[in-house]
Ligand code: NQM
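Quick heads-up: it's one chain on its own, the form predicted on its own, in structure tokens.
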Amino acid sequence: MKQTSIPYMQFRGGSSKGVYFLASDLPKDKTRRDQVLLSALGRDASQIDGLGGATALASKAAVISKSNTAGVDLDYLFVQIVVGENRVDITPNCGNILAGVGPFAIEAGLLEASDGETKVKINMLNSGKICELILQTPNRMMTYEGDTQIDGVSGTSAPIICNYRDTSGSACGSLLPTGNVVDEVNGIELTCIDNGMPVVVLRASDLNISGYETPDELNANDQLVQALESIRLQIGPKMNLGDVEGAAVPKICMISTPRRGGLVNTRTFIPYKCHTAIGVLGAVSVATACILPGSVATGLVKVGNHQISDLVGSKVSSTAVSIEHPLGAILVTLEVDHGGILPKIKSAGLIRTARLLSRGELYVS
């Protein structure tokens, strides 16, 4: 079997792991490109014949190039390899894999690092939205060493500050894709939100669970899994996502009262297995849903000492909120304009880390 070599790097980005490529090293034809990525990461459930990790969190790819957009440094396409289904999904973004895009660009020679810190503006091609990364680059060199720890990843690394602006309607076209703050499916109330990631938010108690179960316990709850998929299939078309059977979005997040001082506690299906933590942009969308007056989070959350309804009519505020998940929490800083009937999210900031794991050539037939 004749094989072709392709340069690559593999990064741990946030709490995910992916294979990163220069767009120029892959076929320009999208169908051929996707076939190459499937061969590179693995087509079957085991991914034994590729670099994928046989889970959604470790079966991801990033395709990167310099951007022709004014004021933007890089174009980034996120590709989710759908494990075991021999296909890819480019509908959603991935904020964890995004954290490795800036380091990859410096390592690959696409960008020159500044001394001390390097700011990189990235066009997320999946949604057309922009994120600015702030990287630690002492002596104009990318560093991965530091004291920042993120839950879900062992050890510490250099911080990568991710500033998202105007991510509303990333895949669905609007912040509230159904036009409602609350919808109902199968007798369950839910809030559908898209502020960087399409997410269906519902109360854990409405599904007869506490919301504090482990991911393994939830994955083994066949009745719950079937109920969530039924909701997802019915609400997907109403979120402007069409038929979502087999699709990576929308995610489903079950919320409950926080136990460790956060804004809310979460258990997120992505969409068929419970996430061991929570995705970056998923956390932004959940945080946004929680500050919407009248959402399913009403009564479960507070922002500081305020009920959500107390903030309506106030000026722009910057609020750091902690989203609890099975492995800890993720801190999201929201810049919010509360001047209207519904709050407008002006920006969202998070801290991630990344580490270069390997680089070289991989081979595809």
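Start at 1 with the first residue shown and count on from there. Quantities reported herein were computed from a predicted structural model and do not represent experimental measurements.
Here the subject shifts to the form predicted in complex with the ligand, a form of this protein not shown in this document.
> Taking the shortest heavy atom distance, is Lys60 within 4.5 Å of the ligand in the predicted bound form?
Looking in the predicted bound form, residue contacts with the ligand include Lys60, since a heavy atom lies within 4.5 Å.
> State yes or no: in the predicted bound form, is some non-hydrogen atom of Gly279 no more than 4.5 angstroms from a non-hydrogen atom of the ligand?
The answer is yes: Gly279 has a heavy atom within 4.5 Å of the ligand.
> Answer for Pro103 alone: is it within 4.5 Å of the ligand in the predicted bound form, judged on heavy atom distances?
Pro103 lies outside the contact set for the ligand.
> Verify the contact flag for Leu263: yes if a non-hydrogen atom of it lies within 4.5 Å of a non-hydrogen atom of the ligand in the predicted bound form, no if not.
Leu263 lies outside the contact set for the ligand.
> Have a look at 152-160, 92-100, 115-123, 67-75 and name the one stretch with heavy atoms inside 4.5 Å of the ligand in the predicted bound form.
Within 4.5 Å of the partner lies stretch 92-100.
> Exactly one of Leu224, Val244, Ile291, Ile270 has a non-hydrogen atom within 4.5 Å of the ligand in the predicted bound form; which residue is it?
For this set of options, the contacting one is Ile270.
> The ligand isn't shown here, but in the predicted bound form which of Val201, Met197, Ile81, Met239 has a heavy atom within 4.5 Å of it?
Exactly one listed residue reaches within 4.5 Å, namely Met197.
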